[in-house]
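Given next, in structure tokens, is a single chain: the form predicted on its own.
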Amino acid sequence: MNLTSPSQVKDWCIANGFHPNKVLGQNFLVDRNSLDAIVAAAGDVAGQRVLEIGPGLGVLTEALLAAGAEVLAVEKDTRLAGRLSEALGNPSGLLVVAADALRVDWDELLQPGFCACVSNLPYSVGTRILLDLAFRAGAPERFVLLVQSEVAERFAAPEGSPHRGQAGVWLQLDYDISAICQVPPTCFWPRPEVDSTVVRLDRHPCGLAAEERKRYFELTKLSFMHRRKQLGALLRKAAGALACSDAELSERLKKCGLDPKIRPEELSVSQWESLATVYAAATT
């Protein structure tokens, strides 16, 4: 079966009584140009281990194997997981794990080491999967992901952007994020109701120590719960390790050169890092 042929993919599904599940985000990529762009963005994967989440019918799996990669594919749908290896000719470089990416033991699966995670992520849970995976000790250095365009915008949004939020601020701490190409609904079967984007994340060094990183995530999580409010007002109500007096808060913001009236979405990653460093120093 030509997995980039919409008619052949549709005919196979009908012949096998398979109905794509919207809840699982089963919109199969059937466009050769988009497929080539994803594989190219992954870089030279020949002889390298690549992680794929949600392989579906295997169009991306097949392309990665053809590029010389060894692929570990995690598929929640047991029907698709059970057929994938045989459908692709039982390649020696493929290992299929039938599991839910939201519940799998990533620390165990990541032990062999992977150069990249290359995936068409399920739309409904893609961000949750990425955030669960990206900050683990064994996470790949590179992610090449096909996601909803609005999600890609949030991942890459700079300070001051209306799309800036917690997910982007978290990911940008460790990764350079760039959009590779747009993928319209016509490139999938069944067609989704939204546009998609191929986005690439490349890990960069993070200068924060462990306690500073902890404060970074605590501060941003608290602040983006009410992103339109002023930072000073948000932090004044903080509890636990982030709690401090009004005078202490004023001093901490002053050390970072931050106006208490600034809103969370207006801070750069480096400003969040500075604030986290000040908080960590005051609480250790």
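All figures in this text were calculated on a predicted structure; none of them were measured in a lab. Residue numbers run from 1 along the displayed sequence.
Omitted here: the form predicted together with a small molecule. The next part is about that form.
The stretch from 214 to 222, 26 to 34, 238 to 246, 41 to 49 that comes within 4.5 Å of the small molecule in the model of the complex, counting heavy atoms only, is 26 to 34.
Interface residue remark: E150 is not counted as part of the site for the small molecule in the model of the complex, having no heavy atom within 4.5 Å. By the criterion of a heavy atom within 4.5 Å, D100 is counted among the residues contacting the small molecule in the model of the complex. Among residues of the shown chain, A116 is not one whose heavy atoms approach the small molecule to within 4.5 Å in the model of the complex.
A residue is said to contact a partner when one of its heavy atoms sits within 4.5 Å of a partner heavy atom; P140 fails this definition for the small molecule in the model of the complex, lying far away. Residues G54, V74 and V125 are all found to lie within 4.5 Å of the small molecule in the model of the complex, as judged by heavy atom distances. Site annotation in the model of the complex: the residue of L201, L130, V183, L80 reaching within 4.5 Å of the small molecule with a heavy atom is L80.
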